[in-house]
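A lone chain, given as structure tokens: the form predicted on its own.
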């Protein structure tokens, strides 16, 4: 009888010691499963949570500030000594195939050197990288391995030319219109006119001209594409976008 009582007390003591660890383990597993579920749902419905390398932006081999090249405001010079007007370059100045081909195109190093062979301080680290890539000062020419920000699955076929052409002629369908383009877009809508090709890029890419580092601002998921096609009476047949 005493043996049974002692055995029960020992079992009860073990349970009291082990139970908190079991409960804590259960909470950890539950929390981990919840985090994984949230991550999967977020990635499926929109942009994934920026962890484990799923970032909406990252550093490029050579920093290219779109604010300085495509923006229209005032900003500090590279050395910070003076106020300069941003260049306000049109998107098609660099992405030259966006209105004619499948891809938007990335400018060659030599295109950048049209300006930066003479413009920009010699002391700028980023311009030094660019000039080295162009083969100046005896360096070996090397292409710049730009990191891609906006990416669709390999089985999706997205033709930039068709979308640019449609949105240029139908400015009422443009979304995410930057402040500097609103007046021109509204005027085109009221007069049934057209807009510059660069004014439509914000629909998918956001206001790139205001970004020091380009980031993905739209989910670019199938549902978003299908809804846009339906809203604009575009075909929604599977073969239109999928190989």
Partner chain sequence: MAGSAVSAGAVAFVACKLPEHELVIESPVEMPEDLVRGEDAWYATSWGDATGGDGLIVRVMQGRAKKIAGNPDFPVNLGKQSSRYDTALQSLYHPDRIQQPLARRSKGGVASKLSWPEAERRFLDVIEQSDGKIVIVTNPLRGHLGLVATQFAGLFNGRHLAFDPVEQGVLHTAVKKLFGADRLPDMDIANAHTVLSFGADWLSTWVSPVGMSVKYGKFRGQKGHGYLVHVESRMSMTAAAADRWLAVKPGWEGKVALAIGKIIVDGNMVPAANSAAYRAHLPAGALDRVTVNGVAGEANSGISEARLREVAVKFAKSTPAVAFGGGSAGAHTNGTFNLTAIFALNYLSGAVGSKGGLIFNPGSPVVGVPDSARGASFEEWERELAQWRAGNVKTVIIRGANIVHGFPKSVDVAGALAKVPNVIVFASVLDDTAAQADLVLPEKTFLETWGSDIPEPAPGYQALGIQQPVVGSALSVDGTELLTDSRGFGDMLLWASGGGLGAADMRELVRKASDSLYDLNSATDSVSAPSKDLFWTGVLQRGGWWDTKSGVAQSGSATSAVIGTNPDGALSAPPHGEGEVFTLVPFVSNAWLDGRLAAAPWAQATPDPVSSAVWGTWAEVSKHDAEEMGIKEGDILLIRSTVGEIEALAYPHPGVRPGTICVPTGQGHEHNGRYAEKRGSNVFAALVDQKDSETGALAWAATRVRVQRKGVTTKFTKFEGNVEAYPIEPGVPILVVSPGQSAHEAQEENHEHVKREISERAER
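Keep in mind that this is a model prediction, so the values were computed, not measured. Numbering follows the first chain given and starts at 1.
Missing here is the form predicted together with its partner chain; even so, the following discussion is about that form.
Original post:
Three residues, 177, 182 and 204; all within 4.5 Å of its partner chain in the model of the complex via heavy atoms?
Top reply: Looking in the model of the complex, the three residues 177, 182 and 204 all stay beyond 4.5 Å of its partner chain (heavy atoms).
**OP:** Heavy atom within 4.5 Å of its partner chain in the model of the complex: which of 72, 117, 124, 103 fits that? Just give me the one.
**Re:** None of the others qualify; the residue that does is 103.
Original post:
Though its partner chain is not shown, can you say which of 139, 173, 87, 108 has a heavy atom within 4.5 Å of it in the model of the complex?
Top reply: None of the others qualify; the residue that does is 108.
Original post:
Taking the shortest heavy atom distance, is residue 128 within 4.5 Å of its partner chain in the model of the complex?
Top reply: Close contact is absent here: in the model of the complex, residue 128 is far from its partner chain, nothing within 4.5 Å, heavy atoms only.
Original post:
Contact between residue 133 and its partner chain in the model of the complex at 4.5 Å, heavy atoms?
Top reply: Heavy-atom contact with its partner chain at 4.5 Å: present for residue 133.
Original post:
Using 4.5 Å between non-hydrogen atoms, is residue 151 touching its partner chain in the model of the complex?
Top reply: Yes, residue 151 is a contact residue.
Original post:
Looking at the partner-bound form in the model of the complex, is residue 147 within 4.5 Å of its partner chain by any heavy atom?
Top reply: Close contact exists here: in the model of the complex, residue 147 approaches its partner chain to within 4.5 Å, heavy atoms only.
Original post:
Pick from 64 to 72, 213 to 221, 196 to 204, 33 to 41: which stretch has a heavy atom within 4.5 Å of its partner chain in the model of the complex?
Top reply: So the stretch in question is 33 to 41.
Subject >> Residues in 85 to 100 close to its partner chain in the model of the complex, defined by a heavy atom within 4.5 Å, in order >> reply: Contacting residues: 96, 97, 100.
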